[in-house]
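Below, in structure tokens: the form predicted on its own, a single chain.
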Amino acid sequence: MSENRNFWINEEKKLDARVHQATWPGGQNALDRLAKQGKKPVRDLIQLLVDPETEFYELSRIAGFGVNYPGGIEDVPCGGLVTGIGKINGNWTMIFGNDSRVKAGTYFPITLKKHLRAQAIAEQCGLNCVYIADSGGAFLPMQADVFPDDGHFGSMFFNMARMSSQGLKQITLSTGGNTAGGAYIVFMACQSVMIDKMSYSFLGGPPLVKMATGEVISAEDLGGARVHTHTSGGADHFCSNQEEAVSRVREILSLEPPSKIHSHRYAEKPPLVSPETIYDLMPIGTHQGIDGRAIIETIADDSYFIEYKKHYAPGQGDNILTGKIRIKGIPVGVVMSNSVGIIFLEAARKAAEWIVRCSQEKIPLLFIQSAPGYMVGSESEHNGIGKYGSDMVRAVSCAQVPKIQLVIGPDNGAANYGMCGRAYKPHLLLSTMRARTGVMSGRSAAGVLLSIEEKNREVKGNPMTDEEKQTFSQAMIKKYDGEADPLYCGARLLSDRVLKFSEIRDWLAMAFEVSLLKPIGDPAFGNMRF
């Protein structure tokens, strides 16, 4: 086993440990409590919901760790919500599932952010949505952070209404209580399914009703499944257990027209180079140079890469690779960091031109990011790195084709922008354990901040000792490198999934297939200035 492979396999074991924490909240005791209620864990329900022998591509599994909310709540495992993409009757569907094992499925800020991100992906890609609802609603001690603002609790229902108006089905399967604002997840669905003596939905639960009106009533009589399917009309389908309810959801969606991608798809060919080879190709040091062409060979059909401007500006222009590949038959334009990844102006010019060309040809774009930033210094500034870097950012901003970002190394500064970081609305943003996303590396940040601190101390007549400088630098390196770590970023939803290297090809194939379900519009490039 190579040194690189051994290192990254051990790094991915850290990811496995975090995923176990996320998917096993409360341990066996929590599962036993669900069983007494006649309930299955939410992921078991999802496996029943998706087509047999197909994969559920779960998103943002490590959300919610280290959030440190008031009341001593350090972690919200998986954000208390399962989201992901799976096939139902052959059609890709966005699936949401409250995990009642995590604070009764209540919505913290991270839960809300995760829910809204999944809805954004669904709307951007044109996916029907299924909500497995079992939530206590907003986490009341943090109501000011989840209730009143745009992007807070009401945005979930705003998004449901908008997607429904676009013809994207919104189906709710209630498997528990849905109270107050949470009740709208049932009432605003295109169709909703409730389970006898298990599902409840009301704007105010029995305690609030008693306080407000003096009426004493049970949850079942106030807003149970029979009430809403037989009397109020608030729900549409009455089922006796979870298995029947899941079958009903599949039945509702069974007559949906089959989805198709808006791109020609060629016959799939596996890479000539094993995808597992990528473990040997990834240097241990995050800022060590990579062989981009060799990495592409582990991803592309037939390991075939039609490179664009391969010989342009050697040593500078080839710090970004551009060209076309196929991933499981789907043609894709590639913009990939190469070598040490620093973006020189020649590389920026080439990348911007290629993004525009792919947009004109309506070919989706894959950004493989391992760039610490654009080149700095007087020579670069005088030759126009700001202008050509800005052209790259303009091109990424205006490209109307589907965009996927995969981060395999440093992801710093403005390179995050030019390589389609989160602010540039990639359809999916995928990361790896080698990713480091931050304004700059810890070492660079420490150097900048130390120089500022030294000047401040000198002005005060209290210059820093060598020991103080060392301590200060180490603290800054720990802070900035820690905040750039993929587990930290994944916990805060700065990526949609932290992948193992062995998962890259399958996830990219799914991502491009899903992102091509909507027709690609015509290009328009605004204030491009070549």
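Throughout, we count residues from 1 along the sequence that is shown. Predicted model, so just to flag it, every value in this text is computed and none were measured.
Form predicted together with coenzyme A: not shown, discussed below.
- request: Assess the spot marked by 136, 140 and 180: is coenzyme A within 4.5 Å of a heavy atom from every one of these residues in the model of the complex?
  value: Yes, the whole candidate spot contacts coenzyme A.
- prompt: Among 87-95, 100-108, 438-446, 287-295, which stretch has residues with heavy atoms no more than 4.5 Å from coenzyme A in the model of the complex?
  reply: Result of the contact check: 100-108.
message: Going by heavy atom distances of 4.5 angstroms or less, which of 462, 37, 470, 29 would be at the interface with coenzyme A in the model of the complex?
response: Of the listed residues, the single hit is 37.
- request: With heavy atoms only and a cut-off of 4.5 Å, decide whether residue 33 touches coenzyme A in the model of the complex.
  value: Output for residue 33 is yes: heavy atoms within 4.5 Å of coenzyme A.
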